[in-house]
Ligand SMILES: Cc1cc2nc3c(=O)[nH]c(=O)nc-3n(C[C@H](O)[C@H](O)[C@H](O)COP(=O)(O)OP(=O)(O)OC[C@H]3O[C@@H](n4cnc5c(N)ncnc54)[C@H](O)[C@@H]3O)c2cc1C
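What follows is one chain in structure tokens, specifically the form predicted on its own.
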Amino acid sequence: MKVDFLIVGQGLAGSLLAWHLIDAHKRVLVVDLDEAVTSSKVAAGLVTPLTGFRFFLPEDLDRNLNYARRFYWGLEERSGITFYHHSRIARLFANSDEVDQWKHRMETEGNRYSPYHAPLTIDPELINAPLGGFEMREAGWLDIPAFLEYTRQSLLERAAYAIGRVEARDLKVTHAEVRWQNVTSAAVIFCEGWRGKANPYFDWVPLTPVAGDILELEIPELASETRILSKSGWLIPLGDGRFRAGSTYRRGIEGSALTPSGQEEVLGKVADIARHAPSSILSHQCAVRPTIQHSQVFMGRHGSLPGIAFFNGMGSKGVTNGPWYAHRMARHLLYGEPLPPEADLFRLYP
């Protein structure tokens, strides 16, 4: 079987790259372990223009967010499925430091921040916000499981999906091609998530596996809430009083087991937001995600083996930044166009 590109992993990164290569009329094969629980499948998928306790506003936000919206909306038109949910975030201040940070932003960068915030309105009988907050505009969330499943089905229809594990030692790499089992490709792109840390071609990339818990809850008293609620944790409304809630942060893959302590930590974050406790816990999931400092995407070809490439590190900003970086990665693979300097893997090559 001959393809143009072999993609390892069908998480968010692999799916985004596959679509960009398919839209360039290239034949791809995506090989995935097809695990029931992965970081992409349980991720919140939040779109947060202002990030962290310092409310950082990236210089490239408009470019990346506008590109992402066009990309997701284009897939929605093809599929008839809604993936991207535009929703304001009720951002509640967690402590006095956040209050001071926000005041500083308004004093020094008020004009730049003005498109992304509005006054906060809450019902104090339902929401715990003694220090106030603001509504974050231009925010939302992506239904990543629905996006991944539509992508998988589309790949299957193109005979472009296979269940399996691609081990680096099983590749036969020459100057002209890469072979894996009976597949011949011009290049293989590893989009393995946290497993990229163990890939001998890229074990020098500063990637840290981090486990996190997410719950699905019923909170009937908040059934009318349509905004995402964010404080020390977050609540995403799913309708009919159901919410996704998260998240925890534990370094290492050994932290990925479901534990009562992980569940209790998330419930503690929910209690800090909502005055009414959940009536029931519908599900509890935990998965390991790859993190690179500042949610930095890294991508590019291997320094000495151009047939081996890497596209990883989506992190918490993957929904917003991933489509634009996938576009740039595809252009690099297809036409040799330069990669964004901040994401170019070659600058890290030892």
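As the structure is a prediction and not an experimental result, all values here were calculated from the model. Quick note: we count residues from 1 along the sequence shown, nothing fancier.
Unshown form predicted together with the named molecule; subsequent notes refer to it.
Interface residue in the predicted bound form among 65, 44, 308, 50, criterion: non-hydrogen atom within 4.5 angstroms of the named molecule: Only one option qualifies, and that one is 44.
Listed residue that, although the named molecule is not shown, lies within 4.5 Å of it in the predicted bound form (heavy atoms), from 217, 191, 270, 139: It is 191.
Candidate stretches 224 to 232, 205 to 213, 116 to 124, 96 to 104 - the one whose heavy atoms come within 4.5 Å of the named molecule in the predicted bound form: Among the candidates, contact is made by 205 to 213.
Contact test, all of 10, 13 and 32, partner the named molecule in the predicted bound form, heavy atom 4.5 Å: Judged in the predicted bound form, 10, 13 and 32 all sit within 4.5 Å of the named molecule.
Contact flag, residue 195 vs the named molecule in the predicted bound form, heavy atom cut 4.5 Å: Residue 195 belongs to the contact set for the named molecule.
Residue 61, heavy atom within 4.5 angstroms of the named molecule in the predicted bound form: Outside the cut-off, so no.
Interface membership of residue 319, the named molecule in the predicted bound form, 4.5 Å heavy atom rule: The answer is yes: residue 319 has a heavy atom within 4.5 Å of the named molecule.
Proximity of residue 165 to the named molecule in the predicted bound form, heavy atoms at 4.5 Å: Judged by the heavy-atom cut-off of 4.5 Å, residue 165 is in contact with the named molecule in the predicted bound form.
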